[in-house]
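As structure tokens, one chain now follows by itself in the form predicted alone.
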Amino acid sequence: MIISKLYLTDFRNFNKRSLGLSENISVIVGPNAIGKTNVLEAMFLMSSGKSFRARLEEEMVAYNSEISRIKGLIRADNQNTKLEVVLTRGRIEIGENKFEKVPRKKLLVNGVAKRLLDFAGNLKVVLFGPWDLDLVTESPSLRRRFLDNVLSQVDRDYRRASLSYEKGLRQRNKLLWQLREDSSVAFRNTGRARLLFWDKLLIRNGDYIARRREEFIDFVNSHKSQISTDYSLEYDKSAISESRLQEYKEEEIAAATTLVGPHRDDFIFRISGHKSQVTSLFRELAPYGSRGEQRMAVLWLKLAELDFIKESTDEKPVLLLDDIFSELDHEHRGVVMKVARSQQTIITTADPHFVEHVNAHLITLK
């Protein structure tokens, strides 16, 4: 799987830009704030239909523009596929002081509009940037988003289950709020009956989501990595079932939110301490690991992600490395560069010194 061409129109700070990419390694060089990360964001957007950093789609539309377009020519199995993402602010001007409402995002494959369910996964990428260090120490929502991104690229049923679960969760939480606010006996009886529908939907989709997350974490833990330190992940699963929903029913009404299920999942990074003949001691990295250990744990996870996608799809994902070499020591830069030669890799850096000995296609942003 190769991105051969990328076209950006009114995307972030790019008015009009086209990039030709090597099927091996491309290095994008330029000073800070020139837009190097924006290029990788566009590629990630073509992969998942979502940004890894924008809170709202309109944030990616260039200032004083109404429409942004990202197009990519993807080559896989000797076939070319054109992926396109169109972003707007929700309306376009059609005349003097006249506006028309339009979708904020449109996804197309070979010119044909697609749902997110069918668009995501046409391009597979693994993205690694300095912000990924937050995976160890910050909110569980970041780790859930990471799991969703990995599994959505390789499993259409996971995408479907996630979309269905999110919709059901919103509706169930809305109903819980109504039950809390309306204390009448009549509404409580009908409301609890309506909850059963959403309970079944969440349990059915939540079971699939949790099972696939557990399989991925098992793969990571059994993965033979080029990182020598003994890391592992512990899956902190929030199981969802009829009995658990029944157990928390009063608390859920009081809180007006669903208290169990994969939307409460988490995973914990651990590193082995010393080993005895009987036991191996593991410590949690977030509170007890050094910054260097946390950095290596994320690299270990990203290498496992790369191999997981390869093994799950028989396709090599595109590796996107955003200014990570300043975060790694010499030994681990060597590990990354060895991996980079195994599939198409796009590297960004503000300091060409880090890649001066790399045989790569150089793209300079000014």
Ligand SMILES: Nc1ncnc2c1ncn2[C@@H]1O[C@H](COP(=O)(O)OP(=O)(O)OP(=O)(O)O)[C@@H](O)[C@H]1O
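Numbers for residues come from their place in the sequence shown, where the first is 1. Just so you know, these numbers come straight off a predicted model, no measurement behind them.
FYI, the form predicted in complex with this ligand isn't displayed, but the following is about it.
Q | is_contact(Leu56, this ligand) in the model of the complex, heavy atom dist at most 4.5 Å | A | Because no heavy atom of Leu56 falls inside 4.5 Å of this ligand in the model of the complex, the answer is no.
Q. Using heavy atoms and a 4.5 Å limit, would one call Arg12 a contact residue for this ligand in the model of the complex?
A. Arg12: yes, in contact with this ligand in the model of the complex.
Q. Taking 4.5 angstroms as the cut-off for heavy atoms, does Gly334 touch this ligand in the model of the complex?
A. Taking the distances in the model of the complex, the answer for Gly334 is no, it never comes within 4.5 Å of this ligand.
Q) Is the gap between Thr313 and this ligand in the model of the complex 4.5 Å or less for some heavy atom pair? A) Outside the cut-off, so no.
Q: Would you point out which of 30-38, 325-333, 43-51, 302-310 contains residues with a non-hydrogen atom within 4.5 Å of this ligand in the model of the complex?
A: Result for this chain: 30-38.
Q | Partner-contacting position among Ile70, Val61, Leu319, Val298 - heavy atom within 4.5 Å of this ligand in the model of the complex | A | None of the others qualify; the residue that does is Val61.
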